[in-house]
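Provided below as structure tokens are two forms of one protein chain, presented individually as structure 1 and structure 2.
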Structure 1
Amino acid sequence: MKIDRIVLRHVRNFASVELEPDGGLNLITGPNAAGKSNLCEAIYYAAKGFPLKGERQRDLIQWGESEALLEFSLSGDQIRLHLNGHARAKTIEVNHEKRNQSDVSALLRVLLFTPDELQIIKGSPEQRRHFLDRSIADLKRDYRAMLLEYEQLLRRKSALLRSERPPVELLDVYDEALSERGAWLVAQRRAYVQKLNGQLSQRYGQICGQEAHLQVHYETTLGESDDLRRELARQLAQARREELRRQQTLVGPHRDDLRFDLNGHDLRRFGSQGEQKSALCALLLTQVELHYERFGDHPILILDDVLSELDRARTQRLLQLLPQNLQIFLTHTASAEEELPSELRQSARRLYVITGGRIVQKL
């Protein structure tokens, strides 16, 4: 999968941009606040349907303008997104026919890695669940739909629990539906974690140059049960009284977590920053490979300012270990070309410098 051409009109700080990126490493550099992440966001938004930082769609449109255009040529397909700021509307076309976001997401598969990914290990359980759900949804299209159903049921049940006298019969209906969907989600999460663990230790060793045992543990309220639906239904029934008291659903996949262990030790509590960063590099390499196994080609990889978090040795190993035919958009902050690390200049197939809302190709 490769993007052959990018056209942006009135997107963030770009009035008009046209690029023909290389199929390998595209290095995007410039000073702070020049708009490097804005280019990454345009690709990510087209692929996922929401801005990189969870902001409003309207914020993607350049200040003072009422509409924006994003066009991508991709392996023979033409993708076009038109944003109307006045109507707060988005029109999507694929090969000149109106389509929906899921059609674009299937064509334009993107894997994103930013400094925020460090929170996968160091942050909250909610951040780790979000990583897990996002990663599975990238590989399995029906996962997102099932997750949304589960979350909608959860909100409705929570509203019911907050009412003065929740009817028991309706709570039973919600618990039955939550048990069915929650069990399915837990099964998919277990399977994905198992796939990660099949490669993580090897990838970690390649990054660090030494043997180590890196594993991800999926910590669920359902434990090791084989009959997930029955076990979740049992736990929901058992928790009913406490749920009524606390007015929230206390068991299910929305309460689960991930734990990263390195050589038997919890990486979040006992790992050094270097070990945590190496683990995330190993996780990224594994995700790239899982995409290839699932779809028969690699996703487009966006590395937005991640090198600020990695030392030069890890950066060099990561770039060497990424597949040669992988299209990468990598941003790096530098006020002048001469400030770029030599390993980046040597690896880059295209060099773009962003300044003043303009993108200039230097290589």
Structure 2
Amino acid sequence: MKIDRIVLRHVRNFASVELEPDGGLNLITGPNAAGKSNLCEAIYYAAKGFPLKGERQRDLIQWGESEALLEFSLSGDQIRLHLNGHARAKTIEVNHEKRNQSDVSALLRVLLFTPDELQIIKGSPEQRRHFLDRSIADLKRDYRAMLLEYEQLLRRKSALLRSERPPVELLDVYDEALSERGAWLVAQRRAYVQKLNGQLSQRYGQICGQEAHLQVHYETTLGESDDLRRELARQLAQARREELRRQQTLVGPHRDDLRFDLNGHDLRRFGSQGEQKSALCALLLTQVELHYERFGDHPILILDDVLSELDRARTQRLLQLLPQNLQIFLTHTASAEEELPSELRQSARRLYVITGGRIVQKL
């Protein structure tokens, strides 16, 4: 899968840009606030149908403008997204026919990593859950819808717990609905973590050149239970009194966490910076591979400012290990072209320099 052409009009700080990226490594550089992340976001948005950080879609429209246009050509297919800020409407066309987001998402599959995503080892449980959810949603179409339902139900139950004397039957209703969806989510998460574990150690070895055992542990209160739904229902019933007392939901997948173990030791607590970075690279490689296994085609890989998290040498190694026919958009902040790491410059098949919303192709 590869994007042959991108046209953005009135998108974020781009008044009008057109580019014809290479099918391999596209290096995007420029000073801070130039628009590098905005370019990444535009591609991500087209693929997913929602902006990166839960912002409103009309925030994508350039300030002072009322409409935005995003066009992508992919091996013969034309994707065209038109945002109208006044009408708060979005029109989607594929090959000049009205289509919906799922048609676009099927054509344009993207894996994106930013320093935020790379907080999964050092960061908070919430960041890890978020990463897990996004990764599964990339592979499984109904995951996000199910997660949203679960979260909606959870909000309602929380409100109920905070209300005065919540009716027992109603709490039962929410717990039933939550255990149905919660169990499904846990099953998906479990299966996904298992898939990761099938490859992580090998990838880690490729990155560092030495054998190691890297595993992700999915930490859920549901443990190893076979009947997840029953087990979650049971735990919810058991937690009821405490939930009422604390006016807070206490069990379910929204409290799950992940733990990375390197050779049997918690990577977050005991791993060196270098080991953590290598683990992130291993994870990234694994995800690219899982994506390929699932769809029989490579995704488009967006690496926004990841050098700060992964360091130069590892990024270079990563680029060598990634499949040759993978289209990559890699951004790196540099105020002058000369500041670019030389090895990165050499690997790049195309070089774009962005300044203040203008893009110049240098290679």
Partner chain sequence: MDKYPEPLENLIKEFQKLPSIGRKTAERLAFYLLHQPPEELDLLSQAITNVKEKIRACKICFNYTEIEHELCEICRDPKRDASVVCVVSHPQELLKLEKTREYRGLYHVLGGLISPVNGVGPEQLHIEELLVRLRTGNVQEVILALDPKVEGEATAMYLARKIKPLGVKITQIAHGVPVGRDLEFADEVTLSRALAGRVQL
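Superpose the two forms; the largest set of C-alphas matching within 1.5 Å is the rigid core. Sequence positions of structure 1, starting at 1, serve as the residue numbers. Every value quoted in this text rests on a predicted model; they were computed, and no experiment measured them.
Matching the description of the form predicted alone is structure 1; structure 2 comes from elsewhere. Core-superposed comparison between the two structures: the CA of Q327 stays below a 2 Å shift. Relative to the superposed core, R312 undergoes a C-alpha shift of no less than 2 Å between the two structures. In the core-superposed comparison between the two structures, R99 has its Cα shifted by at least 2 Å.
Core-based superposition between the two structures puts the Cα shift at E65 at 2.7 Å.
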